[in-house]
Each structure stands twice: as C-alpha cells, then as structure tokens.
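The chain below stands alone, shown as structure tokens; this is the form predicted alone.
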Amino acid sequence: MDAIIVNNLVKRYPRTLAVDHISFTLPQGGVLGLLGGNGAGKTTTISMLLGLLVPSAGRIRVLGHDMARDRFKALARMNFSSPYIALPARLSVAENLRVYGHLYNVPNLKRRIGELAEQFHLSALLSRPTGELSAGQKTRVALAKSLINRPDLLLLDEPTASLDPDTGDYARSALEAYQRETNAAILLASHNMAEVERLCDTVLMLKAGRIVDQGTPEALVARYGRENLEQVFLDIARRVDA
C-alpha cells in the first residue's frame, strides 16, 4: 500500500496560488524529499497532508484513507515534526511528551518516554520547561514527540534545523534506524541538501507551487551534470523558465 497518494492538489489564496496541481506517490517504507526555496509550497503541502489546511482542489489519500472524509483514521497513525512550531512553553519536556502520548493512546507511555529521552539525549531535560530550552534542545524534543506513537508515516519539516553537526548526524541516524525497523514512510522537507541525499529515495523539486523536476538524488545530480544536490537546487532556483 502507498502511504501517500496525491492527485492534482491545489491550494489557492486570494492573491497566491501556493500549490499548483501537484501529484505524487510515497510508497510505504519510502523516503520522499520535498525541495524548494521559501514560498515553493513545501509547508503548505505538508499542512494539507496533515489536514490542517483544506485543499482548493485535488485529492489526498494517506495510509489508505481519503483525507477529505476520514482523516482521523489516518492521523492516528501519523506524526509530524517541525522546529518552527512551538510546543507549549510552560510544560516540561516530560509533560509535553505525556500530553502527546495520551492524545495517541500510547501504551506503556512512561517506558516509551524513557526510550525516547535516552535516544535523543533528553533525560537531563525532562523536568525543564520547554520554553527555557535552546533551539537545538527544542528540535530534539520535537523529534522525540514525532516518534511517540511509533507512526507509520512521519512528516518532517526541517527536522534537524538548529542542531549542531554531531547532534544532527545522530538525529538522522535515529530516523534511519526507525525507518528500517518499522518500514515507516517519511516525507522530508529540508534545505539541507546533504541530509536529503543521505535520507531520501526520491526527490520532488518545487518552485512556485509546481513540481519542476523529480527523481532520485543520484539521477538529478547526473541529469544536471553537477557534483551534488545543492548545485542542482541552485540551478533550478535560479532558472528563469522553471
């Protein structure tokens, strides 16, 4: 079963066409990258996949469910991480994880929080108010929250932003291990091209709400005659006709 099927998805605002008739599929167990500059439509697409925004047109199926009709069945098996969406600042790290664990009816929640705290080096921070953490610490908490329910589909918007290189590498390794162990599907929006090359099977290049190219990272690098995906990204971003 495909984890995500998107057909002719559109999101219009009064003065902006944020997402312009895009279609794509993410198979279960796959990792799909959404790349594009600011305003390309990445976050808007993820918001529609989560049911936070209603599409202007098109259809979305997630984990076998039509998001327009029975999205709550899909949402129970999904999760999301973004360092740009703040968790409740007055709650401690442990309290935040407990709240989300209860929302997802996670069994053996205390043990699950302990596992994630150890995995993301949060044990010493569990009693700290989340609002007092550094940006990198908040990012690690957001990643732990995204795995609290062992999701079958993980939507990640800049998941390692604000992390130092060592911690970022550790977080990427944790995501790779989780994906291997569970066969979860991952959709990743990132400006870190090395991260995308490492994690993603397939990449969609977005510009002005449209998919302007797609393929494996290796195929895109070869097609554009470049050394890496960052150079491909710059070529597409600066191309007048894209």
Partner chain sequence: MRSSLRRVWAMIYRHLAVYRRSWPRLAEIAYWPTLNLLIWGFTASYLAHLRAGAGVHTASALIAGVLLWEITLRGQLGVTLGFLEEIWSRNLGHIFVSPLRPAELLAALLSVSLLRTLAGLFPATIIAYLLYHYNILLLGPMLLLFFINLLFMGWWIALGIVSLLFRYGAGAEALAWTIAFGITPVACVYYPASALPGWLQPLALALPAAHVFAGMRAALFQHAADWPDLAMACALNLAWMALAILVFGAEFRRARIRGALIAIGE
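All values reported here derive from a predicted model rather than from experimental measurement. Positions refer to the first chain, counted from 1.
There is another form of the same protein, the form predicted together with the partner chain; it is not shown, and what comes next is about it.
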property	result
L53, L87 and G101 all contacting the partner chain in the predicted bound form, non-hydrogen atom within 4.5 Å	yes
Option touching the partner chain, based on a heavy atom within 4.5 Å in the predicted bound form, out of Q179, S47, T202, N192	S47
Residue (of S92, Q137, T167, Q119) lying close to the partner chain in the predicted bound form, criterion heavy atoms within 4.5 Å	S92
The partner chain contact in the predicted bound form: L163, any heavy atom under 4.5 Å	no
The partner chain contact at L75 in the predicted bound form, heavy atom, 4.5 Å	yes
L147: touches the partner chain in the predicted bound form, heavy atom cutoff 4.5 angstroms	no
R172: touches the partner chain in the predicted bound form, heavy atom cutoff 4.5 angstroms	no
In the predicted bound form, segment of 182-190, 26-34, 66-74, 213-221 with a heavy atom within 4.5 Å of the partner chain	66-74
